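Okay, here we've got a single chain as structure tokens, the form predicted on its own, with questions on binding and movement later.
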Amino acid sequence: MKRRDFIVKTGTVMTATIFLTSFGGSKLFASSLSDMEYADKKDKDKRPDPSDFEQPILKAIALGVNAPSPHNTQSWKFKILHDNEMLFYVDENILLPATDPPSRQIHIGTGCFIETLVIGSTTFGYDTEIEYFPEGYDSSSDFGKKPVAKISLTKREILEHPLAKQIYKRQTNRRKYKGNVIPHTEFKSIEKTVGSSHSKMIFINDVEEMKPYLDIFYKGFEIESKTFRTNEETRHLFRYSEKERVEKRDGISIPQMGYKGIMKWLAENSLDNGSKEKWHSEKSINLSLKSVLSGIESTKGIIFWKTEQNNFIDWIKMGRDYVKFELSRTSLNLYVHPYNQAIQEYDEMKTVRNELNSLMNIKNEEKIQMIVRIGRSSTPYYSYRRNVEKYLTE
């Protein structure tokens, strides 16, 4: 791909939703390619390349979109102000109303983007200033209308952030974990690398102490899977072939669940390209839960993040904390798998959520914002991100 200059006009909005259409005529999206040919695409082709862009803010976006987001929604959009500055919004067209009614997890995803961009921008010599909610931010009516942040880049003589090299290596891993429990020494090493943070990390690695939490995590998965509207939301975000993953460049899939080889092929074919009847069948749900249980039983440690309050700013700063953790654990060749079902805010999850809060002695306005299992495993499937190129709207 040739290097390009982009003329960016004030007021231009670039949404994650429209990025994928920029390559509509390219061979990468040709319907004649078989899934096997799509699967031959290299991991580097799955993510934007910052070197394709001249303007610093577009380079920064290309790095930022490597961030994790709930269900790989990438619910992000950007208004470019000039070469070094933009406004950053939640994309109100890509939310999770069934599983994330307040859009708390979506906003944690915005914090993940911000921190990935901040760390990544040091690789080409830029410092970053973040101004939260420059136009105010009060309710869901502001989603997509008012920015969550104004992001400004400044060229400086700065060192590359020590975690920057982990940005492209970081992946969620839903496979079974191997070996021994993660020792406190490794957690302390991660904690030291993360440094000061808005949220509090809580680590558990005692096998007996973990058991009641693992039971709660399974209950959460079971409720989400057996509640029609939450399971249906996941169905719409599922990508049933490599061809579809290439075209949409978002969402989740069988290989991201940890399946590979013949098992991946069998699992994808059993879902009949997203047939509603197959997806919601008792057989499909039970097979999915069996896989989830296998992962849960292989847990080598649990990490929780707790904040004292539960507001928009807590969500965004929590996301920034989480990325620092993610890049730190990646540097130690550790993987994580989020278990956030039990803390989601829809009615069917209330009993499980209260059980977890009681077990953790959560008080007053405190909130458990994130939960992951941690361990070591084989290399996971490398997920796609949407492209940053070409499609800028007036």
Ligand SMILES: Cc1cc2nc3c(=O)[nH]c(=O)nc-3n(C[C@H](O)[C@H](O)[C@H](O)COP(=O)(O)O)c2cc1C
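Start at 1 and count along the sequence shown; that's the residue number. For clarity, every value in this text was computed on a predicted model and none was experimentally measured.
Beyond the structure shown, there is the form predicted together with the ligand, which is absent from this document and is the topic of what follows.
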Decide whether P70 counts as a contact residue for the ligand in the predicted complex under a heavy atom distance cut-off of 4.5 Å. yes
Close approach of T154 to the ligand in the predicted complex, 4.5 Å, heavy atom: no
So in the predicted complex, does L117 come within 4.5 Å of the ligand, heavy atom to heavy atom? no
Would you please decide whether S383 lies within 4.5 angstroms of the ligand in the predicted complex, comparing each non-hydrogen atom pair? yes
Output flag, L63, H161 and S328 jointly within 4.5 Å of the ligand in the predicted complex, heavy atom basis: no
One stretch from 124-132, 139-147, 87-95, 166-174 that, in the predicted complex, holds residues within 4.5 Å of the ligand by heavy atom: 166-174
Looking at K59, H337, R353, K367 here, can you tell me which has any non-hydrogen atom within 4.5 angstroms of the ligand in the predicted complex? H337
For a quick check, can you give me the residues of 348-367 that have a heavy atom within 4.5 Å of the ligand in the predicted complex? none
